[in-house]
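In the form predicted alone, a lone chain appears below as structure tokens.
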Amino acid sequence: MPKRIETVVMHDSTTPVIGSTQKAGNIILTSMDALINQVQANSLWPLTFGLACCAIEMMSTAASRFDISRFGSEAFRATPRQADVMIIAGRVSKKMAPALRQIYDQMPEPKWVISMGACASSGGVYNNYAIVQGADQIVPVDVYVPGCPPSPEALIFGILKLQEKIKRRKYNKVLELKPRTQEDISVESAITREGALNEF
């Protein structure tokens, strides 16, 4: 009776799996979209933007008990130029709204937003003139984490949902390079002059 050899592959649930991959020996075939999405989803750098009590829960996700570094998101950044995920933790006042938008605009593309807690998502119990009734009135929100305040596990679940969303992204842009002609340059300069005249 011939011997039957079986290959057993151990797979941990935290090990990233690149979607639509074909494995054959030492060769892995996948699309560039899936590879880029996998890398971006598993190396998120959150921006520390704590506004109220939800910020305490956000900070505790980096502690050893919850350990957000298991999901590649432990590098909380203090500057928007190095972050790609804004976690809005707490109520957003109308005075803080312009600063929130400015910080969001300073973040490099691609960027995502998590609205953490009832106050950031819908104004919470603060239905008055001073509080913005939802952060989505200022910036586009990708994931809402409910609760008052939400637990650190809820924020980690929200980050996992954001990772799933990033992994499903499709790139439809085709980059076409062509040399600029003199006609293109003259049209661009005419548009620029017309825009400058309209400002006055």
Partner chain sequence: MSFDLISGVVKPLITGFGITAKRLARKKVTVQYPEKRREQYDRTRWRHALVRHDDGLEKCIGCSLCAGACPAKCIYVEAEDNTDENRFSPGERYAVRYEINMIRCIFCGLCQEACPTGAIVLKKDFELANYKREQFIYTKKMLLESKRPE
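Just so it is clear, the structure is predicted and the values come from calculations on it, not from any experiment. Positions refer to the first chain, counted from 1.
Although it is not shown, the form predicted in complex with its partner chain is what the next lines describe.
Colleague: Let me know the one among Q40, T48, S31, S151 whose heavy atoms come within 4.5 Å of its partner chain in the predicted bound form, would you?
Modeller: Of the listed residues, the single hit is S151.
Colleague: Does any heavy atom of L160 come within 4.5 Å of a heavy atom of its partner chain in the predicted bound form?
Modeller: Residue-level check for L160: yes, a contact with its partner chain.
Colleague: Consider S93 of the chain shown here, and say whether it contacts its partner chain in the predicted bound form, taking contact as heavy atoms within 4.5 Å.
Modeller: S93 lies outside the contact set for its partner chain.
Colleague: How about V85 - does it come within 4.5 Å of its partner chain in the predicted bound form, if we only consider non-hydrogen atoms?
Modeller: No - in the predicted bound form, heavy atoms of V85 and its partner chain never come within 4.5 Å of each other.
Colleague: May I ask you to check whether A99 falls inside a 4.5 Å heavy atom distance of its partner chain in the predicted bound form?
Modeller: Residue-level check for A99: no, no contact with its partner chain.
Colleague: Could you tell me which of 72-80, 99-107, 121-129, 85-93 sits within 4.5 Å of its partner chain in the predicted bound form, going by non-hydrogen atoms?
Modeller: One stretch meets the cut-off, namely 121-129.
Colleague: Scan 41-68 and note down the residues that get a heavy atom within 4.5 Å of its partner chain in the predicted bound form; none is a fine answer too.
Modeller: Counting only heavy atoms within 4.5 Å of its partner chain in the predicted bound form, the contacting residues of 41-68 are S64, R65, F66, D67.
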